[in-house]
Structure formats: structure tokens, C-alpha cells
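Here are two versions of the same chain, shown separately as C-alpha cells and labelled structure 1 and structure 2.
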Structure 1
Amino acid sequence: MKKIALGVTSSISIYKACEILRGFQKKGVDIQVIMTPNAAKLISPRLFSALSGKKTAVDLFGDADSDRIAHISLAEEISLLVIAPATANIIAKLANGVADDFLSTFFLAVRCPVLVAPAMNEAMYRHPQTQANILRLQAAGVEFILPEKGYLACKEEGWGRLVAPEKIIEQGLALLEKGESLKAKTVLVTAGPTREPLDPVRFLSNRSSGKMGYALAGEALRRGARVILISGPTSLFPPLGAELLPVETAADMAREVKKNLSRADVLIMAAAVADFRPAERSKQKIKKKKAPSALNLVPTEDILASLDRPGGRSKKVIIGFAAETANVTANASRKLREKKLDLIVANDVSREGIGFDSDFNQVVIIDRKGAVAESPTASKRELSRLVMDRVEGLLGRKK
């Protein structure tokens, strides 16, 4: 039986939380309710304890005699955290890492997917601060089911009404299912640029931020996979739960990929690996007056092309990316064949607003049969879902 935590906060729509609880129970889900202290002033926690059959958690230091740290041990037991209804206050706390009650502290401890259903007055919902908080949480991987327009507690018509309980249950169940779809699989993702040193202070590199690869790693984790993230230098926080292996040069990345590939069922090379490096690496900083007028470059190892594929193609799913500036589909198709990939995800890195260092991208996904699927321009998070859906399809076929 799957267990979820239902976070309940002090919106007037709090009474709908009982229906949400019941709806999940009918689908065979075990529920632990957590209320904020303000929510407990609107409805007694005893009601939720009676409905769920478990003592509702409200107070962070409630059980003084227990040797368990309640919010940590519960975080390890659950497969999903649903916060419905969610007030502007809890959303602001979650977005800023404030942990001053059971629910907000618990949020920082969970590793499972989180679904938030806001409910509040229209002005509060539309406030730029609330919108910024929602965007910040979405960027961190929190799922939202946004409020509807309707009759509000303030006796006005407007945006901010909690969506129907059935919709929250439906989306929660879908997340529960997705959270298992890559269970027992290991996904190796490469991300970011490589740096090819000229001397101790200078290097050749590219504009990759790592955002695409980190989004893929996050999506694989949300689907229950073990994730190994081999990353060139970036300023990003690795997704929680990923095994991070930081590297600097193309040679470092090649070594780590080869060392770890045997543990993986899937390899996704989203990294922008340098194709060439300076032939010489000076041990000392090159003096301005002695600077060479030209650089001698030598090719780096092509990691994807050099992987062992016993019997022609690997049993593993191997996916490459293609960074192109012209003839995107034709060039990417050639790379797919030459590097013996199952799938290639091509992007036009000459276009403004997508590709390198953007939160958005637009990709063309090409498979071995030559089928081409073009995506709309979307966040890297949404595109990582598309890619991971294809990974699941390919894994199914390689069984």
C-alpha cells in the first residue's frame, strides 16, 4: 500500500481536504495528515485523525518521549506529499526554505514528488510575490495544480479557488504512478561544459550551463531511477538524491562515463563536451609577452563513439544530444548513425532564447528508424519529461 502525506493549511477551503483524503483512501492509498498550527485553529486535527486512522501531525516537537525524529522518518516512508489547500503563506515559506512548523520542515526533508494546490483570495494569488514564489518552487521541481476562477470566500468572483478534489486526486495518483516508472533502473546523465586548460588560469570551454542535463537528472529521479550525474563545472545545485561526479576536462568525463557505464541502464549525454583541446598545457601562467600568436589544438576523444557496444549495439539505452547551428535534422541524424545511438535530441543553439544557458529549449527528437518528432518551445523541465517518456519506451523494447 502506498503512503502519502497530505499537508493541510489554513484556507477557508480546508473542508475540501476531507474529501481529498477520502478520495485517496478509496484508491487504496494510506494517508498521514499534517496540519499547520493555523489550520488546526479552523478544523480540529481530531477530525483528520479519525478519517485517516492516524494521529494528525501538527507540532514539530509534539511527541517529547519518542526516539524517532518524526518529520525525518515520515519523509522516508511516503511516496508523495500533497499540500491542499495551500495558502500564500505556506507557498512563501516553501519557496524560501523557512522551516518553522512540522509541514514546512517536513517539506525540506522529503525526496518524493510534491504536489501543491493553492487556494486564496485573487489579489493574494495574483501578487507578484506569490507568483514569484510559485515559479521558484516549480523551477525546483515542485508540481502545482493551479487554482480556478470562481466564487471565493471573500464573496467575490475571481481566481484563487481550490480546484475540485477529484482533479487533485487524479494528478496525485498520476504522480504516484510516474514516481515508480523507472524504479530499479539506473540513469547516467552527463551535463554542463568541459574545460580544456591552456595554463593554470585559462581554459577553452563553451556556453553550456548544465540546465538541460540537470533537468533530465531531476526527471529521472522523480520517476524513481537511481541517477548518476557526471557534470562539468556549473553553478547549479545538483538535484537531491543524484550521485554527483564532478569533472573538468573531456578526458575526465570520458573516464567517469566509462567507469560508471556498467552500472547504468540508460546513458544520456547532454553535456557539451569540448571537441578539441590545446595541444600543450603550460604548467605556469603564460606571460602576456610570451603569448603564442596561434593555438595548436588536438581532438578530444569522442566519448559516445568510443563506448563498447558488444555485438554492435548495446543493451543499454544510449541517447545523445546534438548542438547544431544549421541543417539541424540532417546533421543530428548523421550523428545518431555514426555514434550508434538509440535516440538523438537536437537543438539549434544559434537561436535566441533557447539552447545554451536558457531555461527553455526547442528540440527535434530523432530515432533509429528516422522518425522525427519536433517539440514546441518549452521549459527544459517539460522537455526532460518528453525525453524520459521516450527512455521508458526504449527500455520496454530492450527487455
Structure 2
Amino acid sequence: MKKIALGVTSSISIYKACEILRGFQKKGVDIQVIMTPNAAKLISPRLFSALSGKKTAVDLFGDADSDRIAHISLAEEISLLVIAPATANIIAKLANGVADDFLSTFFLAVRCPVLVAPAMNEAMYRHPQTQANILRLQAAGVEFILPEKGYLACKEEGWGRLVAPEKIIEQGLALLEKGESLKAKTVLVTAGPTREPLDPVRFLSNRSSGKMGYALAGEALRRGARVILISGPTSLFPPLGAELLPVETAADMAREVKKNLSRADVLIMAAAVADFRPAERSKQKIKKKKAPSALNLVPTEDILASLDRPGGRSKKVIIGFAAETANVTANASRKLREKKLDLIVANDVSREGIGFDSDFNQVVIIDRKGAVAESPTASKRELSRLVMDRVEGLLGRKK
């Protein structure tokens, strides 16, 4: 039996949490309820304890006699966290890492998918800060089922009404199922830029932030995969649960990819690997007065083209990325054919507001049959879902 945690906060729609709890139970799901202290002032935790058959968690330090840290041990047991209803206050806490009660602290400890269903007054919901907090959580991988327009507690019609419990249950069950769709699979992801040293101080690199690769690694983890993340230098925190292998140069990345490819069912080459490196690397800092008038560059190793894949290639799904500034589809299609990829994801990095250094992108996805699918402009988190959906389809055909 799968186990989920149901977070309940102090919205007037709190009574609908009972319906949500019962709905999940009817689908054979085990429920642990977590209430905020303010929610416990609206409805007694005993009600949820009676419905769930488990003591409702409210106080972060409530079980002083236990030798287990409650929010940590529970986080290891559950497959999904649902927060419904979710107030503006809890959304703000989650978005900013505030952990001052059981629920907000528990959120920071979970590795499973999280589904949030907001419910509040329209003015609060549409406030720019609330919307910014929702976007920030969505970019971090939190799923939202946004409120509807309807009759609110303030006796006015507006946006902010909690969606019907059956919709929350339906989306929660879908997340539970997706959370195991890549179970027993290993996904190898490369991310970020590489740096090619000129001397101990200077290097050649590019503008890649690594956000797309990290989003893909996080999405694979949420689907139950084992994830190996080979990352060039970035300022990002790796997704919790990923095996991080930090690298610096294109040669470093090539070495780690070849070393770990045999462990992987899927290879996603999302890194922006440098195409060239300085022919010579000075052991000392090059002084300005002695700087050469031109740099002598040599090609770096083409990692995808150099992979030794006889025999085992047919069982691996291999995805490439192409950062282009012109003729995006044509250039990406050629790369897909030349490197014998199963899928390529391409984007125009010359466009402002998307691509390098941005949380958003717009991509073209091309498969081996030449089919082209163009995405809308979306967060890299949302695009990672599109790519991983395609990966799952390819894995199904390679069984």
C-alpha cells in the first residue's frame, strides 16, 4: 500500500480535506495527516486522526519520547506530499525555505513529488508576491493544481476557490503512478558548461547555467530513476538523491561519460561542452605584455561521436541537445543523424529571455523519423517533463 502525507492548512475550505482523505483511502492509499497549528484551531486534529487511523502530526516536537526524528522518518516513508488546502502563508514559507512548524519542516525533508492546491481570497491569490512564490516553487519542481473561480468565504465571487477534491485526488494518483515510471532505470545526465584553461587564471567557456540538465535530473528522480549527474561548473545545488560527478574540462566530461555509460539505460547530453580548447596551457599566468596576439585553438573530443556503443547501443536511449543561433531545425536534424541519436532537443540561444542563464526556454524536439515538435515558451522544469515523457516512450520501444 502506498503512503502519502496530506498537509492541511488554515483555509476556510479545510473541511474539504476530509473528502480528500477519504477519496485517497478509497483508492487504497495510506494517509498520514499533517496540520499546521492554525489549522488545528479550526478543526480538531482528532477528527483527522479518527479518519486516517493515525495520530495527526501538528507539533514539531510533539513526540519527545521517540528516538526517531518524526519529520525525517516520515519523509522516508511517503511516496507523495499533498498540501490541500494551501494558504498564501504556507506557500510563502515553502518558497522561501522557512521551516517553523511540522509541515514546512517536513517539506524540506521530502524527496518525493509534492502537489499543492491553493485556497484563499482572490486579492491574496492574485497578489504579485503570491504569484512569484508559486512560480518559484513550480521552477523547483513542485506541482500545483491551481484554484478555481467561485463563491469565496469573503462572500464574493472570485479566483481562489479550492478545486474539487476529486480533481486533487486524480492528479495525486497520477503523480503516484509517475513516481515509479522509471523505477529500476538509470539515467545519466550531463549538465552545465566546461572550462578549457588557458593559464591558471583564465579559461574558455560559455554561458550555460546548467539549469536544463539539472531540471532533467530532478525530473528523472521524481519518476523513480537512479540518476548520475555529470556536471561542469555551476552555481546550482544538485537534485537531492542524484549521484553528482563534478568535472571541469571537456576531456574530464568525456572520461566520466565513458566510464559510467555502461551503468545507464538513458544518456541525456544536456551539457554545453566546449568545442575548442587552447592548444597550449601555460603553467604560469600570462602577463599582459607577453600575451600572444592570437590564440591557437584545437578541437575538443566529440563525446557523442566517440562513444563506444557496439552491441549495447540498441538498448540505450541517447538524447542530444543543440544550441543554435540560426537554422535551428536543419542543424539539429543533421546532428541527430550524424551522431545516431534517438532524440535531439534544440533551441535558438540568440533569442533573449530564454535559453542560456534563463529559467525559461522554447525548444524543438526531433526524433529519428524526422518528426518535429515545437514547444511553447515554458519553464525548464516543464520542458524537462516533455523530454522525460519522450524518454519513457523510447524506453518502451527498446524493451
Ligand code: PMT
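Remember, predicted model here, so these are calculated numbers, not experimental data. Note that the rigid core is defined as the largest set of C-alphas that superpose within 1.5 Å between two forms. Every residue number counts along structure 1's sequence, beginning with 1.
- Comparing the two isolated chains, structure 1 is the one taken from the form predicted in complex with this ligand; structure 2 is not.
- Relative to the superposed rigid core, the position of the CA of Ile354 differs between structure 1 and structure 2 by 2 Å or more.
- In the core-superposed comparison between structure 1 and structure 2, Val372 has its Cα shifted by at least 2 Å.
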